[in-house]
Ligand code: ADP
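Just the one chain here, laid out as structure tokens, in the form predicted alone.
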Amino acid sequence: MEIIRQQWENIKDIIHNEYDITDIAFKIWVRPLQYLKCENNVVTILIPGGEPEMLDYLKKNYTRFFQEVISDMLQDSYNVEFSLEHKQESAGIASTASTPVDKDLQDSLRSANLNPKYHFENFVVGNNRMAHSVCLHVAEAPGKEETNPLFIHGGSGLGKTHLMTAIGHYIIENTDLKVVYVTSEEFMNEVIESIRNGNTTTMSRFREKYRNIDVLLIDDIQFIIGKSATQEEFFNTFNALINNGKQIVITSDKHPAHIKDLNERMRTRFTGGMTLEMELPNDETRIAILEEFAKNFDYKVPKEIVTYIASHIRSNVRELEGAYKQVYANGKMEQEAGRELDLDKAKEILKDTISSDNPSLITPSLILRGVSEYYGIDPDDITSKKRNAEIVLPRQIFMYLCRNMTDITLKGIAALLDKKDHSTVLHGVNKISDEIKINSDLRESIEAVKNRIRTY
């Protein structure tokens, strides 16, 4: 229907404004959509270059918006369908290829030190929808008190750096704000170099670099903890930026409450805005991550092999991608030799990466390892008779998880802790059971420990 084609951009603008869709959500999900056809009062909307997960998301979240706006505009009842782009469908549709990036934008991206691969558009949301949504909000409105600083924590390879970098890309591409991304190691090296030179000019140059910006993105903050000079300089930089309403985004492997040797004033500062935890990707998300990663390769690994990898590697995205690269390289050689890569061959290729078809049996020793690593304490301290404040909670969590993740008895747990009877264990288990009902931070910490244990 020609009127829909003529009014297409207007229809999208109405949806943007009337349904309170954020600017960045509009840019990612709605703006690229194209009108394809209308038959029997069914409007088909094309998703250029889309993937199945995009199709599912748009159907679930945007169908009603388009149906209501189109039906209201044409004074009739219309249904809406979304369709992934195929070559034959794209014929006759104006190209939506992006224009070359202008020189100023290129210069801003280069000076910001951002990885060019990481954007919101290619982040697989999956079960990290909350983290994704908050990062979108920060990108659209940096410096808001409720999300400044934004502290993103979670295990290695779960997407913290991807989301942080995506924030930087969006801000640079849509505003004139100055962004700088730096790893904590790079920051520390610059501090050391400034101190080593021993002159005010060098230190002034360093401070000007980090304090005369609008957005600071600092990765893996845990590596500067305990480095007194670096920690002090970062604290001063942090305060200067926050006090001037500048946005700070920080990543770490742990929640600020659980970073060992972090002084209290920094802990308080880090939790003054919003903290987000990146979750381990679930089965569906891991498959989606591999399908997104597969776009970078000219040979498509069979679906059953992708599913096999996703169901056996649960720890992080880097390991998923590493396994995919292994089967891709071998699959490419098989293809060139006129053969097919099947699941049995893939299992043989991955035998050192995926050691067994069976998940690891969870044992008290694995739980002890998970708790001690998460809280940054010695495993022997948990099983000792020490009663330091920093030991008591991890010990009770160890008791609770042994009781809930294994078949070991209370007496068995007591024996592991060298206790004469199990009454102390029962008290610890009950205390954690009651506390997690009302304490969301503790509940999140225990889930994080569980996820860590399941990766061993």
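The structure presented is a predicted model; accordingly, all values stated were derived computationally and were not measured. Throughout, we count residues from 1 along the sequence that is shown.
The following text describes the form predicted in complex with the ligand, which does not appear among the structures shown.
Check: Which pick from T161, T275, T230, S194 sits with a heavy atom within 4.5 Å of the ligand in the model of the complex?
Finding: Looking at T161, T275, T230, S194 one by one, just T161 meets the 4.5 Å heavy-atom criterion.
Check: Since exactly one of G376, G155, P364, P256 fits, which has a heavy atom within 4.5 Å of the ligand in the model of the complex?
Finding: Of G376, G155, P364, P256, the residue with a heavy atom within 4.5 Å of the ligand in the model of the complex is G155.
Note to self: Which is the contacting stretch out of 381-389, 118-126, 135-143, 209-217, given heavy atoms within 4.5 Å of the ligand in the model of the complex?
What the structure shows: Within 4.5 Å of the partner lies stretch 118-126.
Check: Within 4.5 Å of the ligand in the model of the complex, do we find a heavy atom from each of I289, R318 and E321?
Finding: The answer is yes; I289, R318 and E321 each reach the ligand.
Next item on the list: Looking in the model of the complex, decide if the C-alpha atoms of R64 and N122 are closer or farther than in the form shown; they differ by 3 Å or more.
Entry: Closer is correct, given that in the model of the complex the C-alpha spacing of R64 to N122 is reduced by at least 3 Å.
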